[in-house]
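Have a look below at one chain only, the form predicted alone, in structure tokens format.
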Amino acid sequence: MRFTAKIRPKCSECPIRHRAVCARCDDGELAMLEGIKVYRSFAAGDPILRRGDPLTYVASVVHGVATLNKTMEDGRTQMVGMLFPSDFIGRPGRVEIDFDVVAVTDVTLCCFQRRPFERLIATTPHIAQRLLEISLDELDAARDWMVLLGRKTAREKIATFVHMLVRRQSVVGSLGDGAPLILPLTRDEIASYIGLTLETVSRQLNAMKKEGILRFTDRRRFEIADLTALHIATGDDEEGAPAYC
């Protein structure tokens, strides 16, 4: 169920302030955004937007994790992306949404009505510049994901996925050694997302647990016991590290 929060934190106090679409805004520009924003919250499992819906608003994820899904004509569904805090939903200039957006945890969005936001883009270079940066980061991440799906081994795929969670879940606050993390997807959903079977996902996660790379407290909560070993398992060198944050 969606509801609109009556209390809206000030932009200057927002936990994603320095990573979101407003990251480059000065005080005057933040004041303009304050005037058109509203917070909306969704429970885990709630649809946020459906493919083909009129795009009446765009938004930044403040808290939680959501997925982007594409449904084909025969009803098959493919997860094509994940959204973490500071990620942007919607495309200015579009009149409808291209994907199904679903909350996989409780999600809070900072929403802006599309038309007023588009007018701000035209008059506020800092917002336009940041949107371009976000779009280019998404392009880099999509290219990295093509490598994962097309060339990486099962172990490298799982390690890359977990490494991405480490990067993205550390957006707000600092992530120190042993900090708890959460698998926002079920193992079946992970398998679908990275092109493996459920059995392979479980086997690889268990192997990393036995090798002392990961430490699970339950099926969803875990810690990184050896971040260096995790990075090595991704198959990426330091310069080629995936651009997920």
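Just so it is clear, the structure is predicted and the values come from calculations on it, not from any experiment. We call the rigid core whatever largest set of C-alpha positions still superposes within 1.5 Å between the two forms. Numbering starts at 1 and runs along the sequence shown.
Keep in mind that the form predicted in complex with the DNA is not shown, yet the notes after this line are about it.
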query: Listed range touching the DNA, judged in the predicted bound form by heavy atoms within 4.5 Å, from 47 to 55, 181 to 189, 26 to 34, 62 to 70; finding: 181 to 189
query: Position in contact with the DNA when the complex is considered in the predicted bound form, options A128, V166, A154, V147, heavy atoms within 4.5 Å; finding: A154
query: Non-hydrogen atom contact L196 with the DNA in the predicted bound form at 4.5 angstroms; finding: yes
query: In the predicted bound form, R215 touching the DNA (heavy atom, 4.5 Å); finding: no
query: R40: touches the DNA in the predicted bound form, heavy atom cutoff 4.5 angstroms; finding: no
query: Residues of 215 to 231 having any heavy atom within 4.5 Å of the DNA in the predicted bound form, listed in sequence order; finding: R219, R220
query: C-alpha of N206 moved at least 2 Å between the shown form and the other one on rigid core; finding: yes
query: Yes/no, T77 Cα shift of 2 Å or more between the shown form and the other one with rigid core fixed; finding: yes
